[in-house]
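Starting off, we have a lone chain in the form predicted on its own, written out as structure tokens.
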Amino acid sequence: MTEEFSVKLRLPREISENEVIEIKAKIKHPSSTGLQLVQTAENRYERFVRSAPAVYVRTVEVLYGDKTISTFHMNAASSDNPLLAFKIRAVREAPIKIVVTNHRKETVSASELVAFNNA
């Protein structure tokens, strides 16, 4: 892929055991249907033509420790460089891992440790 394809995670600075926390995943990837509007189309079936191949993120898988806790199925209608936010209950200290797969089956991943603050 010519453009940069990456993912970054952001967790709260302070996490307590059994706390519900919000995790954000910033995915750097373009998204396009590849369709172009034809102004001179004679009927509704000819209004769009494929001017370029579709480019998009296909799946985002979230793992907490070694268990998959969520899978997002995406398509070309999603935005460029999507930001996903989701909540989990921090029940144990373990890594959160995000695995992003695009339409070409290329993958990138990021991981952060859910660690409790000792208060």
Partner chain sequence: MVFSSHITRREVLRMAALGVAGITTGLTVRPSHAEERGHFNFVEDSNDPNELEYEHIINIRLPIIAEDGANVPIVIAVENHPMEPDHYVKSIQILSFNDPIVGKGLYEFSPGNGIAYIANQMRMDGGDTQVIAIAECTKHGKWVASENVKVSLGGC
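From a predicted model like this one, the values you see are computed outputs, not experimental measurements. Rigid core (definition): largest C-alpha set, two forms, superposition within 1.5 Å. Positions refer to the first chain, counted from 1.
The discussion below concerns the form predicted together with the partner chain, not included here.
(Q) Considering non-hydrogen atoms and a 4.5 Å limit, does the partner chain approach residue 44 in the model of the complex? (A) Residue 44: no contact with the partner chain in the model of the complex.
**Q.** Exercise: residue 14 in contact with the partner chain in the model of the complex, heavy atom 4.5 Å
**A.** Taking the distances in the model of the complex, the answer for residue 14 is no, it never comes within 4.5 Å of the partner chain.
Q. Does the partner chain come within 4.5 Å of any heavy atom of residue 40 in the model of the complex?
A. No, residue 40 stays farther than 4.5 Å from the partner chain in the model of the complex.
Q) Quick one: is residue 93 in contact with the partner chain in the model of the complex, heavy atoms, 4.5 Å cut-off? A) No.
Q | All of 103, 107 and 110 with a heavy atom within 4.5 Å of the partner chain in the model of the complex | A | No: none of 103, 107 and 110 comes within 4.5 Å of the partner chain in the model of the complex.
(Q) Pick out the residues of 8-31 whose heavy atoms come within 4.5 Å of the partner chain in the model of the complex. (A) Contacts from 8-31: 20, 22, 31.
Q) By the 2 angstroms cut-off, has the C-alpha of residue 49 moved between the shown form and the other one once the rigid core is superposed? A) Yes, its C-alpha moves 2 Å or more.
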